[in-house]
Ligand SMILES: Nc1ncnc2c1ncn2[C@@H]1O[C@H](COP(=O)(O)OP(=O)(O)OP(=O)(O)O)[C@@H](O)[C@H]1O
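Listed next as structure tokens is one chain, alone, in the form predicted alone.
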Amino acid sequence: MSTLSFKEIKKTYDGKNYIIKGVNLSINDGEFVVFVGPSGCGKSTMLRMIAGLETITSGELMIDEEIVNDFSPQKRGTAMVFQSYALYPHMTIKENLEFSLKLKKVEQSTIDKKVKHVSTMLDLDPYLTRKPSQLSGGQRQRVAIGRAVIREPKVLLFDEPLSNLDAKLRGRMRFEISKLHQNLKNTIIYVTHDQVEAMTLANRIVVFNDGHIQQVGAPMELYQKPSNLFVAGFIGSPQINTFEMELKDGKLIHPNFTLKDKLDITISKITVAVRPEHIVINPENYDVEATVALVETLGNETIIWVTLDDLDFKVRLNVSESGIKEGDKLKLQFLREHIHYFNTETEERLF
């Protein structure tokens, strides 16, 4: 277990275009932190710099208060689980697990004890004599995790480890990784573009975009109080609805509807954001009347796409059968305690 500290970390390959643009962050001992963001945002580059697989252009990376910029990967006390598993195909599962310990010339009796402990913890005992090609994707990913864990690293790094698995296996592996963290209490940094993984696994989420940190916080903190429009749009499924509006005489006016609440602020262009689950059907006190364009019945919930002239947005109902059909007119209310207000020009949260 270890602490990590990032001070003005930057990364460029050509001296001009920066992929990482000055990252500052502290990670606590034993914390499970998830780096999340779209493809190309810099999250995997950050992970590779922690592991020592990429050089740091400038800034300081500290592990346990020691600057490790110039340390080799072997001396940093980290271990990485890759998206592609990266197992040795000619070795058995037992040989894959013990390989790093043999390189360190650890005694065989100690190796055997560690392999037994890890294989039991990850339910790999029946597969130790098999080759990776004889295992399923989920089993191979457990082997890759075991190979990292057996080294007893200070920091365990995951680089999109579940993206090659189907939906059922991803759900199972999320449980396995969460249970692993509870048992080992390692410091874990986990990279993903999947916000469901981030919300279900993390103690804290770090949202990246374009080489910058957009927000750091607990999963529900990011969901309930996103700091800007990017975070609001990235966290939550289905994606949040946004409406660009103008404030006139204290009222928010959209070309298609008006919110009658009085707002005592001076900014005139405001983006109102409201999640699909925070729009309700209320014929008595509604904000907008819209036409149902599509009904998605998902078993435990229903997603309704509605339109009003050139405006379309989503409503989420926690019912399996709503009785609503295409062409119906719905009178909808935005739940005021869940509305988010952003400066349209800066995209920053107002309150």
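None of these values were measured; they are calculated from a predicted model. Numbers follow the displayed sequence, beginning with 1.
Missing here is the form predicted in complex with this ligand; even so, the following discussion is about that form.
A.B. asks: Only one of 40 to 48, 317 to 325, 298 to 306, 63 to 71 has heavy atoms within 4.5 Å of this ligand in the predicted bound form; I'd like to know which.
C.D. replies: It is 40 to 48 that comes within 4.5 Å of the partner.
A.B. asks: Since exactly one of K114, H193, H181, K94 fits, which has a heavy atom within 4.5 Å of this ligand in the predicted bound form?
C.D. replies: Looking at K114, H193, H181, K94 one by one, just H193 meets the 4.5 Å heavy-atom criterion.
A.B. asks: Quick one: Y13, I19 and E160 and this ligand in the predicted bound form, is every residue within 4.5 Å by at least one heavy atom?
C.D. replies: Checked in the predicted bound form: all three residues contact this ligand.
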